[in-house]
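So this first bit is one chain, no partners, the form predicted on its own, shown in structure tokens.
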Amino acid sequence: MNSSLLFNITTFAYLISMLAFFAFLASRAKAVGTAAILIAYSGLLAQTTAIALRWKESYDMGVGHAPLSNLYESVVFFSWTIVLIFALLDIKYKYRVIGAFVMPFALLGMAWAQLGLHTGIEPLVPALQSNWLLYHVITCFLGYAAFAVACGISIMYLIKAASDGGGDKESEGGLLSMFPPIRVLDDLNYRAIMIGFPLLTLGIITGAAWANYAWGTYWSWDPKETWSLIVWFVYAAFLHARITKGWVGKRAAWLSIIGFAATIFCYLGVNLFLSGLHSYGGGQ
């Protein structure tokens, strides 16, 4: 069995898991929720094995590097980190309905990677031939994944808040009764960002160290660096407003969603639409 087959299995598992979470949301059947999370865990295990196999395959081909070097590999890794963060959240809090709003992100990433991107293993370009690759990419994408989970939770919050504001008590006894209490959603959004923000900060620091190693300067206002700083400021503003101004509720949820939109542009938009020192990320 090779990594490509396992990645296909992973994509299928995430699809079935997402549909099962939707069914859980509609049916409120505990067994369906349990099946959905078990399928997600199975997909995560298959993807972990596939990433390890791809790493081994690169050494077998004589190019030998971590599978984090091009757009395909980074999208696959991003999907993996999203499911990992969600799994940790599920283990701690058991709010499985959140999977209906998080698993689509992981599925979209895997589907795009498998169907729309070049999957070949290529030698590293000179700028990527550094151990900083691992430190920078892992910290950044774990941070991005936490922001993805926070975005899903924020969408749930806004749906729940809109229903509460409209006084729709019937919906509270139906579909929305599956949602965690609104204060819990607000707190989970904050906790997810509290995980993601220091990881993003580490990602920027390791990226600066890597830039100095590769290009002789810590910061060059490359589009990727600039947008990383914008994302950092958005989430710094979120935490500052939360801690000092008591920002909670809808304002916090909207800021979380805006932050994740900025994150996606930083990750994909810059690579695909802007030129700069990081433009190799959109190739290969």
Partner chain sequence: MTTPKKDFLHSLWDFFCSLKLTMFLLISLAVISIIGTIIPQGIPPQKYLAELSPAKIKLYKSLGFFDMYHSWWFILLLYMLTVNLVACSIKRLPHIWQIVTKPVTTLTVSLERSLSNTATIACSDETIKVKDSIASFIKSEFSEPTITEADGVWHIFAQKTPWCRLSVYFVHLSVIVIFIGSIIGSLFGYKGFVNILEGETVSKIMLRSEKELDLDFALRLDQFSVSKYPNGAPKEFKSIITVLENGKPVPDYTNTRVIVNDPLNYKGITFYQSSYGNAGSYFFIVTDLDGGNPVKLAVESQSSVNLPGGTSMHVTDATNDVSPFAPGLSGPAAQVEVHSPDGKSESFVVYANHPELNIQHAKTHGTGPVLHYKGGKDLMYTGLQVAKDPGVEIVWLGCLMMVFGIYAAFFISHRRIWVRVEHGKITVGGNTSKNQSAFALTFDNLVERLKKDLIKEK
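Here the structure is a predicted model, which is why all the values come from computation and not from measurement. Residue numbers count along the first chain shown, from 1.
The same protein has a further form, the form predicted together with the partner chain, not shown here; the description that follows concerns it.
Within this chain, Tyr72 is remote from the site of the partner chain in the predicted bound form, having no heavy atom within 4.5 Å.
Heavy atoms of Thr226 reach within 4.5 Å of the partner chain in the predicted bound form, making it an interface residue. Proximity of Ala87 to the partner chain in the predicted bound form: non-hydrogen atoms within 4.5 Å are absent; the residue sits far from the partner. Heavy atoms of Pro126 reach within 4.5 Å of the partner chain in the predicted bound form, making it an interface residue. Checked against the partner chain in the predicted bound form, the candidates Ala50, Ile39, Leu68, Leu255 yield a single residue with a heavy atom inside 4.5 Å, and that residue is Leu255. Distance criterion of 4.5 Å from any heavy atom to the partner chain in the predicted bound form singles out Ala237 from the list Leu45, Ala237, Ala35, Ala26.
Stretch 209 to 217 is the answer when you ask which of 178 to 186, 72 to 80, 108 to 116, 209 to 217 has residues with heavy atoms within 4.5 Å of the partner chain in the predicted bound form. Along 76 to 100, not one residue places a heavy atom within 4.5 Å of the partner chain in the predicted bound form. Distance between the C-alpha atoms of Lys250 and Thr244: shorter by at least 3 Å in the predicted bound form than in the displayed form.
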